[in-house]
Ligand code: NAD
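One chain follows as structure tokens, the form predicted alone.
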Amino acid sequence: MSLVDQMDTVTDASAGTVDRHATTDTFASTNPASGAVVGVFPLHDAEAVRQTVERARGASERWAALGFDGRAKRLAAYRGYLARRLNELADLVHRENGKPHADAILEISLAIDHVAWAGGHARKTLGPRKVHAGMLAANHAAYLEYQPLGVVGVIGPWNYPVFTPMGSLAYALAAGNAVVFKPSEHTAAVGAWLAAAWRAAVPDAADAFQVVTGYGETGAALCRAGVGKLAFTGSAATGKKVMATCAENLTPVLLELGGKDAMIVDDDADVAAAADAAVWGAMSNGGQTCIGIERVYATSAVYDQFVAEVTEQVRTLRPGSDGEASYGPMTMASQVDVVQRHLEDAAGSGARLVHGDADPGLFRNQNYLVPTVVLDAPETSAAVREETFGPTLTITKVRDAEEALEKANASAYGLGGAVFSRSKARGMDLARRMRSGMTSVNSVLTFASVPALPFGGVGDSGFGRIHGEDGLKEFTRAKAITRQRVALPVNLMSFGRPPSAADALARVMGMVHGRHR
């Protein structure tokens, strides 16, 4: 029997451990390929969310008291459970999100690796340590540690419903917090599965990970429920609303928002490899990837070959829900209109569109979109300026890599990006100067698979970091402690200090620091 079948259900999937009498309304999550109902879930109102957070608050004290080793042991049990049920979860992701089963396995595998890293590195990153006290406090010992926030609220996305929220969930748990997770209403079954898996794997700390389900109102209630921090992944427009709502109670936020990631293809690039990476980065998951490649700037030396390679590959791609499909349907039907608007705007602005050979007439519903390459769209067009989040890719010819970098950086977004160059020095230099939180050289999206690297953006792509040491610290407060070891003959921090003490201090500062010019 699958975990979905075993879950405490409203119909066939659990939305968590909230008292179901706190709310009577429900909503359905459906398969974007067929429209079939995947699960029916409680529409948790503000009171239900408040109850959940309060239950988590009590659990957070017990969870924190387990210490780093106790939490690492339980996180290991959780990742073991996920690994053993990987195919079951992948099937659920395929049905509810629409992506191919194989892509779901890759997503879940990355998430499991992050759970392992977070649990294994929390003590080293966050544990108490002694730091240098400095000259003015030489008679003191100084200590630093990172303490949990209590309860962390997580509002997750639908495009990577396991990997993306796990970057907050696992790291917040490893840091000693309890978590309350609101999955996207489009992938509520996946969120419920993750919480049910936690209860099964970690029964002695079941309330440390809970789920609430619903629409935007449920998310707003979580923002107002007194959590220690709110981690949100989604669009920039919604991120601003989340931030404004959290500001009502001065609740700090972590925002991982959209992107318009660019790839630079330099004169000396391996063009075939760059084209393969660009097609995967742009079209995998139906283009519904915040760090996916949406723009390519290829130098004039390689542009024609690059376009030929890309268009040849794109013509073989086929969306669908079967095992041979390249990618699935658009998870959120309304995104179809955004993609079509961008393509129409680009064509109307003089761009040339190259479509894949897949026949849209064969598709069962309008959520399937053929892959499309947009050649030389104006930089002012929506296809270049706005996040498309569909199976499209713009390719623009530039004079050289410096012009490519200038155009790549001329965006309100700054999440990820890629550079292709055979020169290590040149590739690294361009990567460092790209205005983005993350850049891959001679690959795409690789930074997301390295648990030690922080993940996040700048500008309209948000702020704060998940993953790595930065991701662990994101869900803590730094605690500074000093302890006087011996008393000094003269206490500078006392009204009883002698009048000459300040002059003596000034002379010492002059001798120690004044010689530097």
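Here the structure is a predicted model, which is why all the values come from computation and not from measurement. All residue numbers refer to positions in the sequence shown, first residue = 1.
FYI, the form predicted together with the named molecule isn't displayed, but the following is about it.
- Interface residue remark: residue 387 is counted as part of the site for the named molecule in the predicted complex, having a heavy atom within 4.5 Å.
- In the predicted complex, residue 110 stays away from the named molecule, with no heavy atom inside 4.5 Å.
- Among residues of the shown chain, residue 332 is one whose heavy atoms approach the named molecule to within 4.5 Å in the predicted complex.
- Taking non-hydrogen atoms only, residue 241 approaches the named molecule to within 4.5 angstroms in the predicted complex.
- Judged by heavy atoms within 4.5 Å of the named molecule in the predicted complex, the contact stretch among the candidates 348 to 356, 193 to 201, 157 to 165, 417 to 425 is 157 to 165.
- This chain appears without its partner; in the predicted complex, the one residue of 78, 368, 209, 232 with a heavy atom within 4.5 Å of the named molecule is 232.
- This chain appears without its partner; in the predicted complex, the one residue of 258, 437, 119, 100 with a heavy atom within 4.5 Å of the named molecule is 258.
- Along 169 to 206, a non-hydrogen atom within 4.5 Å of the named molecule in the predicted complex is carried by 182, 183, 184, 185, in order along the sequence.
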